[in-house]
Structure formats: C-alpha cells, structure tokens
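One chain is shown next in structure tokens, namely the form predicted alone.
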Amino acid sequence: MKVENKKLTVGSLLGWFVLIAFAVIQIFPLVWLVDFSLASNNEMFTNGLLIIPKVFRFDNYVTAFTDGHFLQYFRNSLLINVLAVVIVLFISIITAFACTRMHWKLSGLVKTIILLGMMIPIHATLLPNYMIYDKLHLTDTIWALLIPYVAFSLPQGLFLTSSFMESIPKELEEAALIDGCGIYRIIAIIITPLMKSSMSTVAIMTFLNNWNEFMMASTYLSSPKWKTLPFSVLEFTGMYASNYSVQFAVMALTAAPMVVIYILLNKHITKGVAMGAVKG
C-alpha cells in the first residue's frame, strides 16, 4: 500500500508540473505583451525576453487610446462581432432544428455540406470573395466582413447546436403540437430556453474567433468608416520607423476584452463544448 501511495504522489506531482509548465507557456505571450507595452522604444532593443523598464510608460496606453482611433475602431469591432454572433445563433438554431427534427430527404446532406465548412481556412477565400464583393460593390462596407464572419462561424455553431438539440426529448415538442403550438413558437418557447449552455458557447467562440481577425479586414476595407480594432496598430506604423511601444499598448488593449470574456465565461465554454460532444 505504501508503494502505491508513493507512485500516486509522484504521478500527481508530475501531472501538476506538466500543467503548470503548460500554463506558463500559454500565459507568457500575454505577460511579454504587457511588459513591452510599458517600456520605451529604446529599451525594446536590449537583450532578454523580458524588460524591466526604468520608468513604466503608462502614457503609451494614453497615446494608443487617443491617437489610434481606438473608440471608433472598437465600436466597429463590437458592432460587427455582435451582429455576427446574433446571426450565427439564429441560423444555427433554425438549421439544427430543420436537420434534426424535420424529416426531409436532403437534411443529412445539407448538414454535412455546412459542416464541411469547418475544413476550409477562412483566408483561403480572400481572392474569390474580393472579386465577388468588388462586382457587387460590397467592398469597404460592413457586409464585406459580416458575411465571411458568419459563413465561417456557422459550421461550428451548427455542430454544437445540433449535437445538443438531439438530446432534447421529442415528447416536449409533440406535447406542444397537441396544444396548438407552431414550429416557430416551439423553437422560441421550448427549444431555445433548453439550449442556453450551447448557445452561450457558440456566442463566445464566434466572438473570440472574429475579434482579432485582420487579414480579411485589411483586404476588404480601405476607408476608416468600418475599420476594426486591429487597424489601430497601423496608426503608429511609419514608412521608416514605428512607435513599437505604443503598438504593443494597442495590442494589449485589443486583447483585453477577449481575456476578460474568457476568464468570466470559461466555465460556459467548457460546459457547452463538453455537453455538445458527449450528447452528439
């Protein structure tokens, strides 16, 4: 018995060491980002992974906030991402209901085709999308970002919502039909409240996946009207020199909402993914 306890202790210590090492590796980029954002430009070219600034330059954040069009770009990012989340949730729920509850010949094929979108990298469609948007005069509009954000978030949303919906007893819907409820009322009153955990997971993951997207935004947008938050970094990039410390401050400000959301809603993400995977 003593030998078994010793093995268990060594194993648990090894497990804790691996988890702590993995956590440090994951957190280090964020620490490095904040560290460099509080230094001066001259201190960045010193040796070492981290810098101990002689003076903590909090004015870098003030400059990033005032001169980087932060509020305007933040508003655009928030608007586009919130709209994308709402549209993805709406389409995911009604599509999942159509594919899992309604009986029609092409339900499985349609679901498979949509889920295949998870295998396509979002940036692989840059050129064809740009050509289509250019002909439809959609470049430099909110739709240029909203359409691909929704399209590439929908497969993941459908996967999670349909997996969870399959676990809901059909007897609830049959009883509602007997009472005179229509399809849309069943979805709104019965199905949707039961899918809160799955919906919260889809909403959070859609928001986080699209928040820092820059390649499509830089390709489709040219005027400041609909530019998103990552564009603030370019405000401090010059032809011959860049204000690197302020750029790090901009990146820290851009990452802050995602970090806060993930910390506060981490349990919902884990719970929703686990329930969708097990029940699917």
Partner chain sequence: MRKAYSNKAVIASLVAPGLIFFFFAILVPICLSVYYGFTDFSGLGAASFIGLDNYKFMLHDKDFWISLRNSGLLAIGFVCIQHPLAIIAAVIIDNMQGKAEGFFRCVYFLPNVISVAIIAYLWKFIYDPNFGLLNNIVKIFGGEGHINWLGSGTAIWSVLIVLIWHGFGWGMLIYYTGIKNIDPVLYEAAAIDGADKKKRFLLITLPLMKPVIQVNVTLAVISALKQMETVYLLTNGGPGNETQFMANHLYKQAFSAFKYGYGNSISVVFVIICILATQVLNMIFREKEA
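Superpose the two forms; the largest set of C-alphas matching within 1.5 Å is the rigid core. Everything numeric in this text was worked out from a predicted model, so none of it was measured. Residue numbers count along the first chain shown, from 1.
The following text describes the form predicted in complex with the partner chain, which does not appear among the structures shown.
- Residue contact with the partner chain in the predicted complex: residue 212 places a heavy atom within 4.5 Å of it.
- Among residues of the shown chain, residue 97 is one whose heavy atoms approach the partner chain to within 4.5 Å in the predicted complex.
- Contact between residue 81 and the partner chain in the predicted complex is not found at the 4.5 Å heavy atom cutoff.
- Using a 4.5 angstroms limit between non-hydrogen atoms, residue 129 touches the partner chain in the predicted complex.
- Heavy atoms of every residue among 19, 33 and 133 are located within 4.5 Å of the partner chain in the predicted complex.
- Listed residues 118, 71, 86, 188 were compared with the partner chain in the predicted complex; 118 is the one with a heavy atom within 4.5 Å.
- Put simply, of 160, 195, 203, 154 only one has a heavy atom within 4.5 Å of the partner chain in the predicted complex, and it is 154.
- After superposition on the rigid core, the Cα of residue 226 moves by less than 2 Å between this form and the one not shown.
- Positional change of residue 32 between this form and the one not shown reaches 2 Å or more at the C-alpha, relative to the superposed core.
- Here residue 217 does not count as shifted, since its C-alpha moves by less than 2 Å between this form and the one not shown after the core is aligned.
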